[in-house]
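Here you get one chain, nothing else, as structure tokens; it is the form predicted on its own.
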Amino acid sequence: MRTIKQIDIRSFITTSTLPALYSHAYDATQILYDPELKAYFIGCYADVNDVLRSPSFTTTPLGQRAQPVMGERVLAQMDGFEHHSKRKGVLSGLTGHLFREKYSTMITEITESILKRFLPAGEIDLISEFGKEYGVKVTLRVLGLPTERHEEVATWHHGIANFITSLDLTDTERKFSLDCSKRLIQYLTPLIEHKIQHPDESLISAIYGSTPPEQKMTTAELVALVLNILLAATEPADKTLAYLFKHLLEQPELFQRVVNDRSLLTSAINETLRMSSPVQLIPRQAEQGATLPGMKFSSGDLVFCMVGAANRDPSAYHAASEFRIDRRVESHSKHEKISPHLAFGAGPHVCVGAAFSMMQIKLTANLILDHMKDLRLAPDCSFHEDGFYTRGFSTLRLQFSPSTLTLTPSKHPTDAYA
């Protein structure tokens, strides 16, 4: 039997104490319990992987957190044929073919339009000056929505995300989040109704058109799904880009290897997602008979999968606290099995946009490397991280040789981004 270790989970949110929480979490002899939140927290890789894949642990808590600000159910609340058909609809608009033929050009345009404002100065904050605008604009364009009001959308988006990911909202914060939800739904509804009545080549039209007649979504359901995608796609992209460059630039020789051989970017991004998961917690609810080795849960128990801890579990990864992009090469040479990271989740509710997100991040990282020569961390760069449910840097200042944007065809073939 495992021991239950009571813990105040929120006392570990700061950068300095998060590693200590990880060390508690992947101790296979115990399971953490926060009595105030009435929730279990598990961090062993094997446990997290099992829970995310098991039908005995449902996504009910996600619905409870999301539906008040989404207006309707989201993908995580669905199962069976409904989940399969709507997930398939999303995937139909996020294929590698569409990325190469359509989205890569659009993402390149957005990325370069932001970068060109900062290239002459030789310095940029990859979070506040690039990532926040980039993430929202790219997601809106992929959905087929206008970007003119991207700053308002970003504010509303932040309020909704805060509602879903905060463990203890104040009344004022809750009111603000619900107001953000109301405003964003009011803004999106007529735009989405137009897509329903006048289908085009957008992701929204692809989703609506691909679902069978018996599963056709109402406008409110489609708005909720669009909000779902907006939040899921925007949050990880800018955070992962910042973590990627932070990890690489801290190892200059490794960074130069990646600059010279861009095929290494895929491994570097995967290692970034393992080391610094933008999504730290995935909630589940135990159903009747839900168990883990040495632990039996009661029906209705709230269980948080600590993805950040699982991805650094030393029982799953050799030298788990080190950033190594050659893990798969090393593993193959030793005939060892490498554990896939859990940053996108696992099982039937694994992130529907995971493959697209990888292509997007790789393309954008290539563009940054193409346009920013002699790239380095600014001497006064700080690495303060915010958030616990989702986590990322609040700022990341980079310096490079001043230049102007030269719009020439990339030296990297489009296929290299897929």
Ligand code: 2IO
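Numbering starts at 1 and runs along the sequence shown. All values reported here derive from a predicted model rather than from experimental measurement.
Note that the form predicted in complex with the named molecule isn't included here; everything after this is about it.
message: At 4.5 Å between heavy atoms, only one of the stretches 356-364, 24-32, 383-391, 45-53 reaches the named molecule in the predicted bound form; which one is it?
response: Of the stretches listed, the one contacting the partner is 383-391.
- request: Using heavy atoms only and a 4.5 Å cut-off, determine which of Val90, Met78, Leu231, Leu115 is in contact with the named molecule in the predicted bound form.
  value: Only one listed residue qualifies here, and that residue is Leu231.
field: Candidate from Val279, Leu143, Leu302, Ile127 lying within 4.5 Å of the named molecule in the predicted bound form - any heavy atom
entry: By the 4.5 Å heavy-atom cutoff, the listed residue in contact is Val279.
- prompt: For Leu62, is any heavy atom within 4.5 Å of the named molecule in the predicted bound form, or not?
  reply: Taking the distances in the predicted bound form, the answer for Leu62 is yes, it comes within 4.5 Å of the named molecule.
- prompt: Is there a heavy atom of Ile164 lying 4.5 Å or less from a heavy atom of the named molecule in the predicted bound form?
  reply: Yes, Ile164 sits close enough to the named molecule in the predicted bound form that at least one of its heavy atoms falls within 4.5 Å.
field: Glu235, heavy atom within 4.5 angstroms of the named molecule in the predicted bound form
entry: Glu235: yes, in contact with the named molecule in the predicted bound form.
field: Partner contacts in the predicted bound form for 55-72 (non-hydrogen atom within 4.5 angstroms of the named molecule)
entry: If the 4.5 Å heavy-atom criterion is applied to the named molecule in the predicted bound form, 55-72 yields Leu62, Ala66, Met70.
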